[in-house]
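Heads up, the chain below is alone and in the form predicted alone; it's given as structure tokens.
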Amino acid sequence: MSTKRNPGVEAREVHGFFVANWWLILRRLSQLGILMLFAVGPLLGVWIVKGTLASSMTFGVLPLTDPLMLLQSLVARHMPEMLGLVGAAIVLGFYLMIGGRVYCSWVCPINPVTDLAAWARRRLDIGKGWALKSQSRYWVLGGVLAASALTGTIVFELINPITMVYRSVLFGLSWGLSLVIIIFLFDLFVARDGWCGHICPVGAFYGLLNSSALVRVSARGRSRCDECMDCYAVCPEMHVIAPALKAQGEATPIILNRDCTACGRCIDVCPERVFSFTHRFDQRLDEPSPPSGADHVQLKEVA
């Protein structure tokens, strides 16, 4: 039976609360933990990481730079310092290997906001809303780069809600949270998963790094799927599921679409444990479950 308003309820009944929310809990701990690495300096005077997600220095020796900010700088005709180039190379290499959109679900502080909007949207039974095309974010990304080139400035950093959240937490600039509130209301009332799924140029950029990702979700237990649709209800990029879940024969069970954020919610909410984390080369499929006693009797009667 579909649980459209409260997907995962059956998984919680069968497997318990923590198993049915395991990857969600880990993601929240990851997002909070990364934020606290930056916050303990201004709040407690213990400087582990200085800066924001756009540009930072860890323990005074490890530079990390957002590659999208570096790209904006380059098209704006500003040559970054060597530390900025090294920091961008480190971040770029990490996400090329692990998966670009891991950033969206495991690091970005806007993700809990849009997840909350999606949860509220389901509970209030608000329809799909404005049907934006997923390609829209790539047009926004192109517009950001064009604007940087025309103005000679790093345009998106002026309004980047990710940076605003960090500045608000680290420096008490509460006015920056107004854009975050707008994103929440937009996702809640205007378009389902509108910001992350259709507009955010950061997500678009990291999606371009996702094609070679090693970390993948597999529908290796797809033979057990009972069509409850809970995975589709919680997935912020629901179009990535069907090719792996519904394919037949020798087709791969791996979700290879670059839009997948590897959030793990499909794993959590599935009572049949269809999905699991693995690597991109894992083509294993679980054996179909044997028929129950009642089904076995019915099969014998038909025979």
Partner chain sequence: MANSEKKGGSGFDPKRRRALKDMATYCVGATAITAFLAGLGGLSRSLPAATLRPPGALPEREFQSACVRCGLCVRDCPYNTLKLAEVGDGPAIGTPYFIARSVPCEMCDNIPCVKACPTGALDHSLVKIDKARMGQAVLTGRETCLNMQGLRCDVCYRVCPLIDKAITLQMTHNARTSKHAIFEPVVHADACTGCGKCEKACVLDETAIRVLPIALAHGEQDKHYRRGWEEKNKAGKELVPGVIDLPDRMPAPPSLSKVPQ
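Positions refer to the first chain, counted from 1. Owing to the predicted nature of the structure, the values given are computational and were not obtained by experimental measurement.
Below: the form predicted together with the partner chain, not depicted.
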| property | result |
| --- | --- |
| Listed range touching the partner chain, judged in the predicted bound form by heavy atoms within 4.5 Å, from 129-137, 99-107, 187-195, 229-237 | 129-137 |
| Residue among L37, M57, L256, L245 with a heavy atom within 4.5 Å of the partner chain in the predicted bound form | M57 |
| Candidate from L124, L150, L116, I182 lying within 4.5 Å of the partner chain in the predicted bound form - any heavy atom | L150 |
| Residue contact check: G143 to the partner chain in the predicted bound form, 4.5 Å heavy atom | yes |
| S223: touches the partner chain in the predicted bound form, heavy atom cutoff 4.5 angstroms | no |
| In the predicted bound form, S174 touching the partner chain (heavy atom, 4.5 Å) | yes |
| A262: touches the partner chain in the predicted bound form, heavy atom cutoff 4.5 angstroms | no |
| In the predicted bound form, residues of 30-47 near the partner chain [heavy atom within 4.5 Å] | P42, W47 |
